[in-house]
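Coming up, as structure tokens: structure 1 and structure 2, two forms of one and the same protein chain.
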Structure 1
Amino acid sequence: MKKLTWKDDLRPVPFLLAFFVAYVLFTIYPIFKGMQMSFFNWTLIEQQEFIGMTHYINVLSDPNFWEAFGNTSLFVLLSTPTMVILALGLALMANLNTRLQTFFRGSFFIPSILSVSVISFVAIFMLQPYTGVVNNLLQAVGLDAEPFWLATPSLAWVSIIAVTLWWTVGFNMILFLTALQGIPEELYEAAEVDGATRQQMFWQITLPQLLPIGRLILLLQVLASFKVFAQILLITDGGPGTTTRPIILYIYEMGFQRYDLGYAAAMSYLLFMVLLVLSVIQLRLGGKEGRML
């Protein structure tokens, strides 16, 4: 390898600088600003007195915080496994060498490019009682009931998770699909020579080869699910009551409807700590070398 001179070292700097400035300004700086805010009484308008850990202590005894935290955890528990397994299933389908391959790939991925407001309003429209297409279809196949999808806590969760799956599973599917296509053909050829069945090939070759990307997807999915916000805000606004209010929605309400930025910042930092711990655990469990990929 050629030895680099300082001039070569500096060459990428101008290219990186533009992004670096934006990154510091819009990501790094707000992280520290937010931490500062969490130690102050801070309204939407002005910084007030320093109050140390008071916000953190209040958050920990706030029943609304724990309820919202529980709601978010429920969402993570329910959505993460379905999201990963469904993505794998769809990726396997989209990888089949059939005439429908392009159709599968396109139709699984298209919802991901829609904006959250579009999918939310489509969902609300479809899930209406009396007039919505979902209830009308169910009644057409003989269901003698009028389920209130968005007004019953359990059904509201089912709706939110189904909408989220439909909307975002395409992205995970693409990751799986890429990994599937990266599995060397020789492995399958060798297995065929050895007389392995298709099932054996799937369990012994395909799945182990997908494990690294699977771990990455799991980590990203847990982080993404903990940050669930926009579709719930738009579809149920945390309702019925507060049964589907996730932690970010509560942070948003405290910050931008109650104008209590200090309190909202303190909750954000508690969430940040939880995500940090979860990520570290997952990274430690990932592979012998403690690496993700």
Structure 2
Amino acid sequence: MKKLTWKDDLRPVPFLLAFFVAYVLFTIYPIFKGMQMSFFNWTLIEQQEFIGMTHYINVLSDPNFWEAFGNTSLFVLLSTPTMVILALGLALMANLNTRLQTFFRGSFFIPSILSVSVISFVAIFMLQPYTGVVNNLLQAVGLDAEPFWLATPSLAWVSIIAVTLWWTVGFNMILFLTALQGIPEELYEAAEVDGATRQQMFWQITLPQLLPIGRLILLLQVLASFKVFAQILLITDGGPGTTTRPIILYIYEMGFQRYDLGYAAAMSYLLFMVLLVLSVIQLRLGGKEGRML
């Protein structure tokens, strides 16, 4: 066998160089630039004086920051467990050996390929009072009510969470479905020989086999939920008032509407620290080696 030389090791470098330069410019460099901005009074046009930790201190005493962080945490707590359970249920349904298997898989996954602007427009159209599809359906089944889905804080949260679930559950369903199809048939055959019921097979075989992918989905969903932004911006714009404004929307307002980029960068890094801590906790809970799969 021919021995590889250092020239052979360097041969892939030209092919990787373009990606490496783009990755440094658009991912690595903004990370350190954002950290630098958080220590300055920084407008959209120019850098001003160095102020140290002032932005971080001001953020921690900002009631709007804590309100937005509370809204985001509420969204995470309500949407994440619902998303995991719903994705598992849909995956089990899509894994059934029926004539509707292809229909289930397609109809559950198709919403996840739509853009956020499309799903937001559909949501606004369906949730309008007096003319919206949802209110007309409620009245068609005999409910004499005219809910203002996007103008009432509690109903606005219900609407946002429902739209987010409908839009994104397909991706998680695919992950569960892939894991389901990887479970060895021999386990079910052996359980059937031992006289186990389908319910016992689910609790003793299916669910334990899905735990690793479930942990991964939980981690991804927590991270994604903390970054919720576009659908809320387009559907409620953080309203009524600021009752549905998440932390990313508040960062966006401070950075690109009030042009206080240093303050926005400080909030971004505080959110980054929260996500980092949550990720480490979840990885530690995933096992002694911190492996999700």
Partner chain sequence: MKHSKYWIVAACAVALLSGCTRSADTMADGRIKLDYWVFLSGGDLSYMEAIVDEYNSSQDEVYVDIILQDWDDYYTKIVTSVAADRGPDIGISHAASLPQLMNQGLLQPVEEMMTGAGLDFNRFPENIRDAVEVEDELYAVPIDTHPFILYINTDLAEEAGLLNEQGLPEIESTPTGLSDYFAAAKEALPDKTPLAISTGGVDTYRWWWTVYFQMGGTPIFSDDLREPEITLDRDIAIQAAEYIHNFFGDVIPMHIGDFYETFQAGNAVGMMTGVWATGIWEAADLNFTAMPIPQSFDVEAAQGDAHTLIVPIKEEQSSERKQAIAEFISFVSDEGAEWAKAGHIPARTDVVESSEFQDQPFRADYAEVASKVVFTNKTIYQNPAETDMIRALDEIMSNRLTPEAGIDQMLKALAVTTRQ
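Here, a residue number simply tells you its place in the sequence of structure 1, counted from 1. Model, not experiment: these values are computed from the prediction. Superpose the two forms; the largest set of C-alphas matching within 1.5 Å is the rigid core.
In this comparison the chain labelled structure 2 is the form predicted alone, and the other chain is not. With the core held fixed between structures 1 and 2, Phe272 has its Cα displaced by under 2 Å. Here Val13 exhibits a Cα shift of 3.2 Å between structures 1 and 2, evaluated on the superposed rigid core.
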